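Presented as structure tokens, the chain that follows is alone, the form predicted on its own.
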Amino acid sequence: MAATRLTWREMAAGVWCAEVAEQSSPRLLDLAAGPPAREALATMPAAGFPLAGERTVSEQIAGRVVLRFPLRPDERLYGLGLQFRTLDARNSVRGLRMDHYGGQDNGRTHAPCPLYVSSGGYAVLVDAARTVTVHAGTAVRLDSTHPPRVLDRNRDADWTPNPVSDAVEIALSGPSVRVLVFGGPTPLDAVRRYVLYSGGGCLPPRWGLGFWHRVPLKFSDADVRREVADFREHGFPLEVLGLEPGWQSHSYPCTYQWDPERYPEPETLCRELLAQGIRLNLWENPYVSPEAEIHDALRPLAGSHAVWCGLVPDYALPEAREVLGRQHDREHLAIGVSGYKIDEVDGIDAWLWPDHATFPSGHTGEEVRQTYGLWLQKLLTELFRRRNRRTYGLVRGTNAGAAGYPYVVYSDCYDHREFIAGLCNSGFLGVLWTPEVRGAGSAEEWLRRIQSVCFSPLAMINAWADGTKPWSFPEVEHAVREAIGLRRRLLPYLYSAFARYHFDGTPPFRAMALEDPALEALDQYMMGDSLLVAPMFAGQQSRQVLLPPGRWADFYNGELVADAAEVTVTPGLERIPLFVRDGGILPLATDDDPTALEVRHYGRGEGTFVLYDDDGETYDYEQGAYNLTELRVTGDRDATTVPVRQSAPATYRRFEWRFMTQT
């Protein structure tokens, strides 16, 4: 069949859609946390359709739909699944499939979002819950409009096995698909439109941005109480304590019921922890044990294949969601549990259900695999929403449209550099990623990992396997305490960055390429609008840091760095390199007064910061119950604090200005 030109229609400001036939299979954005944020989209800079329309085409080939989009020679492509070794996906082939990350950037990953962001200032999403193969500028057609130059390997030094193609070609099974294009004009604007069209980013509860600690596999309630006492004795803060599989009466597969020997009185434990300001987070996987009380009710609502001899419930069915939701609400939420770690929803092929598995909803095994993590995030988020309580948790598999769900992706892989690369890549896709800390081969590595995780969406030690503690390496215990303390002091700044994620779609953590397309760094990133984070790795004494245009100041002393595109820093072991944009304003919590903020100004330029504040716990902010305060420096360091919106009780009532850069 000949190629057919796609017909585009504008769905919202700067967002276009084209459909190939009538799509019967599930769409990823049908599982988004909320409807498109149309009012916010309408306030963005105007954007025209960014592609040459006559070169956006589809074909039906051997039972597959093949899409083709134009690509300029100078374009770089980002996204195409959560990757851990590369940033630019140009000249690669990605088979975007939900899976455990296996050490290759080939598209099999925990978040196989079929979205690419162009350095030219637009993004393309294939809105289908299927495995998607993307030839990102690798497939050269004989009828190419701009064919590559033919080179002779015997004579041409610049010969390459990968000639530059002038197109992105995308193939997936079935006769139908929906595609969305998000305009710019910048790559960051395109990402913002994608996030807003997915309903806006999540706004975690304030406690979720504090410090987390997950305890070993078979801890009992007595062990938990001793662990909490040890944190208190060592002077370490603890906002969330995570229980691993041993809390259940049976796991792999799961009952979701408390083990009566290890946790005879879970309600009492929850109450005690909450009284100390500590929330409880429960590990679970979605495969239901024959011993579970809900097993028989879910049996007719499950797929044809088992995982670890447990049911695979079809959560596309409202009846299945109701069974699990009712049990979780009664036995977990009602006694004070604050969230979940959703494990094992990604892969691996050898133990997961096959693509030919059948499910009672009619969805194929392939479609269920691509969306299973989304269904569980949806189910559990809605449980907490009904109680008007925000949650924050972890998930091993997610996909496009998940920006609004309060879940952070993690992995069993444990390479520090790959963890930071994942953090850089996550911002393109509307997902959050944590470089969790487990163990370390030395005190230096331990501290460097702690420093990194404290500048991520979720700051956590996961001691499920080896029982590590923040003080496991006594020689750096003080420095670890300092890093965690700095994380907690920066919470007003970070919480405001997440509010912006929700209201205007700007990712709170993002690669430098979204700041400036010329900066393709895999080992540094932005946290919020003003703070540049450049992690150190074990064995490093110094490192190079790429700086976006403009002047930047050292976070710790306020000194302006050289007006250069690249600087070398030697921070010492106890510090992670941090830089603040000239004119940047950072609100920091104080140690002695929870109602006071230290407001730091860096550099010599004028600047503003919009401080967000709400109750930190409920969804009342969606009804307008939140405050906005503009922190502003103009002229000759004229600092002002201007209330913009006051619709909720104020957390902060005293502002102490500090000018970090000496004139």
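So that there is no doubt, residue numbering starts at 1 and follows the sequence shown. Remember, predicted model here, so these are calculated numbers, not experimental data.
Form predicted in complex with a small molecule: not shown, discussed below.
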task = Name the residue from E366, E244, D189, D105 that puts a heavy atom within 4.5 Å of the small molecule in the predicted bound form.
result = E244
query = Which of these residues, T255, N462, S338, T381, gets a heavy atom within 4.5 Å of the small molecule in the predicted bound form?
reply = N462
query = Thinking of E59, R141 and E169 as the candidate spot, does the small molecule come within 4.5 Å of a heavy atom on all of them in the predicted bound form?
reply = no
ask   = Going by a heavy atom distance of 4.5 Å, is A521 a contact of the small molecule in the predicted bound form?
value = no
query = Y263: heavy atom within 4.5 Å of the small molecule in the predicted bound form?
reply = no
query = Is there a heavy atom of R438 lying 4.5 Å or less from a heavy atom of the small molecule in the predicted bound form?
reply = yes
query = Does at least one non-hydrogen atom of Y410 fall within 4.5 angstroms of the small molecule in the predicted bound form?
reply = yes
message = Heavy atoms within 4.5 Å of the small molecule in the predicted bound form: which stretch in 312-320, 368-376, 338-346, 74-82 meets that?
response = 338-346
